[in-house]
Every structure is written in C-alpha cells, then in structure tokens.
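The form predicted alone is given below as one chain in structure tokens.
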C-alpha cells in the first residue's frame, strides 16, 4: 500500500469548527474571526467564551463565565496537598504535568463538561504559581476574583498588582496561543478523549506533548540565542557562524506555515510596545539577518519567524523567568484544550490510525529449545 506522509502531514483525520490554520497564506481564524480582529483588545475570557461555545460575547465576557473562572481559581484542599507535596526545585513544566494529572481524581465522568473545562483553565495558574513561589521559599498568593485571568496570574506569581502595559502584552500572548488547530498537543488530547477517558487525562497527555522542543518547549531557547548573539552589531557574524556549524536557529520555521506566522507578526507589534529598546533592537536585527541567511542557504523553503521568536521577547518583557515560558504557553492553551475536548466528545469516534508494517516477512521460526527437566 502507499505510504502516507510521515508525521501525518497533510492528512485530514476529522472535522472541527474551532480553529482554521491557513498555512499557505499565513492566517489564523478562531470560529470565523481572524486573529487580528481579536488582538489587541479581546480579553482572554472573551476568547475562552468564543472557543468553548462558538459565539463571541457582545462587548465584554459574559458575567457568568467571569464568575465561574474567578470562583474556581481557589484550589480544593486535595490539590493544595498535592502541590505542596512536590519537592521544591523541579522544573515548573514537570511540576505542572504532575499537578494537572492530580486534577483527575476519578470522580469526573465522560463526557467532559463545561465545568471541567472551567476548572482546567482557572486552576492551572493557581497550581503553577503556588508551586513556583513555594519552591522559591515564598508564601503562596491567594487569587483575586476582581482581577482578570491574565492579571491575576501575574499577581499570584509576583505578589503585587501588575503593570497595565504588561497585562495587555501578556493578554495578547494568551489570546494568540489559546488554540492552533490540530497541533501535536491537541491531537494527543483528542486521541485520549476518543477512548472515553477524562479531560484531565487528555490535558496531561497534551502537556507532555507540549513539553517537547519541536512543539512548545523551545521559547526559552530563543532568549538563550539572543544572549549568545549579544548585540545587534554581532548578529550577522553570529548567524553566519551558527549556520556554518549546521546549528538550528531558534524561532524560525514552522511546520504549518509556508508564509509568515500571523502570531509572530502581532507579537512583534506587542514587543515594540513592551520590550526594552536594546533587546528589541537585537531581536529585530537577528530576525533580519537570519531570514536573509536562511533564504540564501535554503532558497524557496519559505522559512519565516515563528511564534516562539517574539513570544520569547514578550515573555521576557513582562518579567517571566525562562523556566516559565513553556508553562505559560500551556496556561494559554488550556482554552483550546477544553474546547477540543468538548468537541471530540460531542461526536466521538476512536482515533486509531494504521501503520504500514515493514519488518521481516511472516514465517520466521523460533529456534528449537533443548528439552528441560522439571525440578522434582
């Protein structure tokens, strides 16, 4: 039989009404709304409403949804116990994976519900910030129901009310990362839900997939790269030397996009508003020389800046440490994971693809064994 494209590239496995990724033209659409209609301006809660239910709120997020998310930020005692039992000093992403797994205590039946999606979205920031602060020897900060979702995350992390400009920047990031179609982590979640497993098991699998550097686990490596370049004046020499050593330039190229990643375009605009001028100048110079060098080296490959490049610059600018870059990506993506879990369960079929066997032909014989004598 014909071998399908490896990695399922270009293989359509199902239908979804949530997100359209226009890879050839560089578009991203949530439920019919192009992403530049939502960023800047749309609160994250409004995008949660849109992704879960398909219709936008009229102007502001509906009060019921805001209340549900706000009241669910406080952890049940059993989750506080799990968070506090984890040894300090773990990478936050590893801790978050364990904490999401602990959300499923066996009492959540299939199919998933709106309320379970609310818990996933609302409680993950509380668990993450509680662990990070405890790991640093600091007291956990109780959530503020009067703050928006993103502002509350920064407040629980730092213990002070966040700067409005930082909140706007991070809210834009959260909206841009809220969903991205059938990416690796969402595919993992939908496979799990297709077996009639629960939403939190699916989210645990999703986070395990997101951890990998080929999916969401690499934004901090962009910051490491910018540090290594050092200055805008050094960018051209550093990029040339890196490519000569056949090293990968972090933050360039995307499996889905053969045009500019629309999220990267908007994140660049956000970075110009919030990043330190020297850091922004360095990033823009690295981007310029890297794109030119990649085109010379791989003409026609259509490699562009991806979401991780300016995403890293924005996350730096709002004060997040690098070990929280990917966990923060995961917090943003919980909206999409919740929406896809609900959609999968609403019209489910077990996801069970085939694989072509290329091993030895049937008919091999196992070596004969010598007779054995049973012990008395």
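For clarity, every value in this text was computed on a predicted model and none was experimentally measured. Positions refer to the first chain, counted from 1.
Same protein, other form: the form predicted together with a small molecule, not shown, and the subject of what follows.
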Heavy atoms within 4.5 Å of the small molecule in the model of the complex: which stretch among 123-131, 292-300, 96-104, 71-79?
-> 292-300
Close approach of residue 271 to the small molecule in the model of the complex, 4.5 Å, heavy atom | no
With the partner left out of view, is residue 247 within 4.5 angstroms of the small molecule in the model of the complex by any non-hydrogen atom?
-> yes
Residue 329 near the small molecule in the model of the complex, any heavy atom under 4.5 Å?
-> yes
Indicate whether residue 254 is a 4.5 Å heavy atom neighbour of the small molecule in the model of the complex.
-> yes
Of the residues 214, 85, 164, 160, which one places a heavy atom within 4.5 Å of the small molecule in the model of the complex?
-> 214
Contact with the small molecule in the model of the complex, heavy atom within 4.5 Å, among 307, 42, 313, 320 goes to 307
